[in-house]
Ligand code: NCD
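In structure tokens, the next block holds one chain alone, the form predicted alone.
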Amino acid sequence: MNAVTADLVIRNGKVVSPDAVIEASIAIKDGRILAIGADSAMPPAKETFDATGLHILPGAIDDHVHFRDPGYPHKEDWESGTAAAAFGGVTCVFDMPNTIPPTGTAEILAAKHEIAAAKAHIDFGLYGLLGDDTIANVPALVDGGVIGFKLYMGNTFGKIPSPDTGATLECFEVVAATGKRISLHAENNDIMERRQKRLMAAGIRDQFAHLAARPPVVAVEAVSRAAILAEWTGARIHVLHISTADELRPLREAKARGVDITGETCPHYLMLSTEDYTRVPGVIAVNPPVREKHNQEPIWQALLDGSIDVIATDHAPHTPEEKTRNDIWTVDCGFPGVETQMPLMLTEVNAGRMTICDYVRMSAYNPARIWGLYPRKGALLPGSDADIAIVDLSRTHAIRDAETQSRSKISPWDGRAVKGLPIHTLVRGRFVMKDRTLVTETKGWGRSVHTIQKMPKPTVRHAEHSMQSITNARS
């Protein structure tokens, strides 16, 4: 019998898993990993690639990006956003629904799938919008292929209406039965709206006013409330962009009670603080805000001890003009991050803050597991998709906004020195970024991962008290 011939063998790299780093080669065939082991054990291959001295990581999965397409192509689109991701060693992204129109119906979802499939260099998932006006659309959105749902408990860019607590409970009830996970912008909208209105009326418009309108209690209350509603309904929830030390307590307590709750944070909450506000006026504005420095260490510890599961970016690009207005209430909140997350975090690996295995756990393994994609994604195992970031941990680099792939050329990272850089990125066995150069022919190579998602069977609680149950019983 003839031996199997691989399409590609990546030779002599340092293969990283959540548990170990091993010297090994990887054989790839038909977009999947065929074998991992000693170079001498690899099958013949059509092509070989020498990774001597480099680390081979499962590509990062960024479960929180805003690629602005459709609706805001001057900020970003699927082509530029996924090019930035490829340069950042990211092989899969989940895009948020606050585009124009918001992704709240099956028809809009289908159109967005077409746009993404035509432009994306890497794989992707799409969130469906969850709110008072879209509860009835949940079954159709699930059938249409959402990766999960996004519920805005607090206001942010796009001004998506925040459902009240009654509507939030009903949203959780309906989605719990589908098994899908709900990502939450967990800030109390009532508190923020009231405080912002008072600040604006008083003529207070500096960048610290944005922070004053969103004190830590808005997150503490929202995480606590969401955890209670999830515990009651059996809904699976994911707390986005954790920014305060205070919200770690309700997160940990909910996990200890057995609530299916996971959490993420972003590099800007780990590495920036209010001390950076005057260094980059307006640029650092983001929802939730970058906070005082004392929040950093507790968030780092929560990420390392597993209380926070995922490192993501909240990649939220805007133009320089939209970021540098004098009135903070008119500044568009957010900035790009999908290209810089891995170099920033690898710099922390080099500094001894965490291990390379820790990084793989929070950037690839955990997101894949949480979203039902493991082991097809987030792993370097036989049978896994060959989604790979090949990084040089010794490579130094200076982040330059003007040189990034995003259409947004403004971020708080401009000029920051990093050590550790993705040099090559593969998606399903194909180079999409090679030698720090985009492989332009891979435009349209990306595909939706909803077809391979396998969430655990749902565990619905208190169904007899659900809105559907009580209204059906009395109709």
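A quick note: this is a predicted structure, and the numbers were derived from the prediction, not measured. A residue's number is simply how far along the shown sequence it sits, counting from 1.
Not pictured, yet referred to below: the form predicted together with this ligand.
None of the heavy atoms of residue 232 is located within 4.5 Å of this ligand in the model of the complex.
Proximity of residue 219 to this ligand in the model of the complex falls outside the 4.5 Å heavy atom cutoff. Although the partner is absent from this view, residue 241 contacts this ligand in the model of the complex, with a non-hydrogen atom inside 4.5 angstroms.
Interface residue remark: residue 282 is not counted as part of the site for this ligand in the model of the complex, having no heavy atom within 4.5 Å. Scanning 98, 168, 137, 178 against this ligand in the model of the complex with a 4.5 Å heavy atom cut-off leaves one residue, 98.
Only one of the listed residues (121, 377, 236, 150) places a non-hydrogen atom within 4.5 angstroms of this ligand in the model of the complex, and that residue is 150.
Stretch 309-317 is the contacting one of 341-349, 377-385, 191-199, 309-317, since its residues have non-hydrogen atoms within 4.5 Å of this ligand in the model of the complex.
Scanning 268-287 for heavy atoms within 4.5 Å of this ligand in the model of the complex gives 286, 287 in sequence order.
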